[in-house]
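What follows is one chain in C-alpha cells, specifically the form predicted on its own.
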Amino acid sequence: MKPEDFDLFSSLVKQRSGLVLSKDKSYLLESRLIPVARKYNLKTLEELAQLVRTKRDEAILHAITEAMTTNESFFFRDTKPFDQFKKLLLPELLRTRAAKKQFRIWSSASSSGQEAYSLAMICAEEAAKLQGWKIDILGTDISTEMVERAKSGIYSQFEVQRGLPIALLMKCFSQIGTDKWQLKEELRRMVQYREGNLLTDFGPIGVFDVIYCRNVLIYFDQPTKTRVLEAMSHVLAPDGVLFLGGAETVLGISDKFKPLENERGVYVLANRPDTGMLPKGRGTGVAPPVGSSVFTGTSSSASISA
C-alpha cells in the first residue's frame, strides 16, 4: 500500500472512530479493507483510496470505518470485571437503589453483545433478589453490523464455548441447527442495543449507575482518551462505577476519575460523595457473598420477576 493511501485511510478512521493506526498496522488495514474494495467492484486499495478522494460517498466511508472497528468479544471476558459486578457491585446497588428499585448499566463498546448479555445473565441469576426491580442495560457500538448481530442474540458453537459455562449455555440458550445458539427471548429483552460513537455527544442516553468501557481506550491517542472520559463523567451517577480494561488507566489522562481502592480496573468519580455505593476501602473481600445458582426465573421488558 502506498504511504499516502495508508495516511488517507488511517486519518479517516481516526476522525470517525478515534482508532489510531500506526504504520506497523498496515497489514491489518489491508486485510480488512480489501473486502470493502471488492464490495464496490474495485480491484485494489489504490482504487478505493482514489474513490474516497474523489467521491467522499458516505456509504463508502461508513463501510471503511465499520471494517476497521469491528472487534471480537466473548462471554464473561477476563472474568474479573464480572466477578466484581456480581460480588461487589450488585449488593451495593441493591442497598443504595432500594428506594427506586432501578439501576442502569451501559456497555459502551458492546461489539456483538457478549458483554452486555453476560451482565444480563448475572442479573437474571439473582432474580429472587431483584424481584420488582427495573434493570436497564444498554449496549452501544459504532458498527451497524455488530449492533444487528447483538440484537439477534445468535452465536456460533465456537462463540458460546469461549467463556460461557456449560450450565449457563444449557439454561439460557436454545440450539438452532447443529452449530448455532440463540439467547432466550427473556434475556434478550433485558438489553437494548443501538449504534453509538464514543466521539460524539452521548448525553441524550441518560445517566448510568455502571459503565463498562473495557479495551477501548487502548486504541485512542491521549487527547481522545481524555475527551471520552470527560464525556463519560457527565453520564455516570455521582456514586457510579466505571470499569476499564486491565491494561487501561485514567492516571495522567483524566482528573475526572480515580481508581477504587483495592479494585483493579474499577474507577469512580474524583469528586464522588462520601456516601453511596462502594465507600472508601470497600473491596471484594468484605462484600456480601452472592449465590451462584443458575437463573430459573423469567424477565419482562427489562424488569426482573422471580
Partner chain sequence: MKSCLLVDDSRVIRKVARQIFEALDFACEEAENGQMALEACQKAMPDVILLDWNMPVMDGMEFLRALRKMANGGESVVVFCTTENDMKHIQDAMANGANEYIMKPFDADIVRSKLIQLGIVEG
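All values derive from a computational prediction rather than experimental measurement. Numbering follows the first chain given and starts at 1.
Another form, the form predicted in complex with the partner chain, is not on view; read the next lines as being about it.
The stretch in contact with the partner chain in the model of the complex, judged by heavy atoms within 4.5 Å, is 76-84, chosen from 76-84, 134-142, 224-232, 119-127. Looking at Thr178, you'd find a heavy atom of it within 4.5 angstroms of the partner chain in the model of the complex. With a 4.5 Å cutoff on heavy atoms, Gly163 counts as touching the partner chain in the model of the complex.
For Phe173, a non-hydrogen atom is located within 4.5 Å of the partner chain in the model of the complex, even though that partner is not displayed.
Put simply, Leu198 is far from the partner chain in the model of the complex: not one heavy atom of it is within 4.5 Å. Only one of the listed residues (Ile154, Val147, Val216, Leu169) places a non-hydrogen atom within 4.5 angstroms of the partner chain in the model of the complex, and that residue is Leu169.
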